[in-house]
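Let's start with one chain on its own, the form predicted alone, as C-alpha cells.
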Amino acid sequence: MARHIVARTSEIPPGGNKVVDIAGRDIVVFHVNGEFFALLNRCPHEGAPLEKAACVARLTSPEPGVYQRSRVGEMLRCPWHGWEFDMRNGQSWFDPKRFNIRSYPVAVERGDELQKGPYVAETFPVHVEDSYVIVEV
C-alpha cells in the first residue's frame, strides 16, 4: 500500500472534507471530532458522491420514545437516498431485501448484535504526520 500526502491538516477544517484523486480514484477525506477518515467518494448503492453526504450522529433507542445520540458527525447520510454509513469502516446497516410490507416474528436484541447490511463504502487508512494528512491506498 502506497502512502499519499493529501493535505495539510489546516486545509480540512473540523466538520469539513476534501476530495483527492489517488491512482484514478476519487477519495474523500473527512475531519470529524479531531480524527480523519478516508472513503471512496461513491455510495455503493447508486454512486452518489459521499462528499455531499450529511455527517450525522449515531442514533439509538433503549426503549420507545427515548433516543440517544453518540459518535456525533461519524455517520454519513447519502445525499441521494439517505442510506447511512459508518465513517470508521464504511459499513451500512440498511438491508433493502428486508424492506417490504409483511409481518414478521419480533425479538428484542442489543443493537450491537444485529446483522450488518450488505453494503460497505470502501475506506482507506489515514495518518497525520506533523501537519500533513496521509492516506494509504
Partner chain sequence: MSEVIDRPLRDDEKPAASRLRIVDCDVHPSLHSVDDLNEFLPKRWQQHLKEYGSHLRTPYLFTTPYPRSSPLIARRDAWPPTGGPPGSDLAFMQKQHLDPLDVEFGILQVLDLFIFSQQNLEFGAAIQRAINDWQLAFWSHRDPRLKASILVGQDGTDLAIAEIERCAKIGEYIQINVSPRANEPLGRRRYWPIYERAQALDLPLGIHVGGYGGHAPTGGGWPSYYVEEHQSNAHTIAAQLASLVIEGVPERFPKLKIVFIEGGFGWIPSAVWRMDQHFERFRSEVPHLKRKPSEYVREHFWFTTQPIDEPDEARHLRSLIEWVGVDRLLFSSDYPHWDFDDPRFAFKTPLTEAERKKIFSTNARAVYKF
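Residue numbers count along the first chain shown, from 1. The structure presented is a predicted model; accordingly, all values stated were derived computationally and were not measured.
Form predicted in complex with the partner chain: not shown, discussed below.
message: Given that the partner chain is not shown alongside this chain, does Phe36 nevertheless sit within 4.5 Å of it in the predicted bound form, heavy atom to heavy atom?
response: No, Phe36 sits far enough from the partner chain in the predicted bound form that none of its heavy atoms falls within 4.5 Å.
So, Met87 and the partner chain: in the predicted bound form, are they within 4.5 Å at any heavy atom pair? No - in the predicted bound form, heavy atoms of Met87 and the partner chain never come within 4.5 Å of each other.
- Is there a non-hydrogen atom of Trp93 within 4.5 angstroms of a non-hydrogen atom of the partner chain in the predicted bound form? Trp93 lies outside the contact set for the partner chain.
Leu76: touches the partner chain in the predicted bound form, heavy atom cutoff 4.5 angstroms: Because no heavy atom of Leu76 falls inside 4.5 Å of the partner chain in the predicted bound form, the answer is no.
Every residue of His45, Pro49 and Trp83 near the partner chain in the predicted bound form, heavy atom within 4.5 Å: Checked in the predicted bound form: all three residues contact the partner chain.
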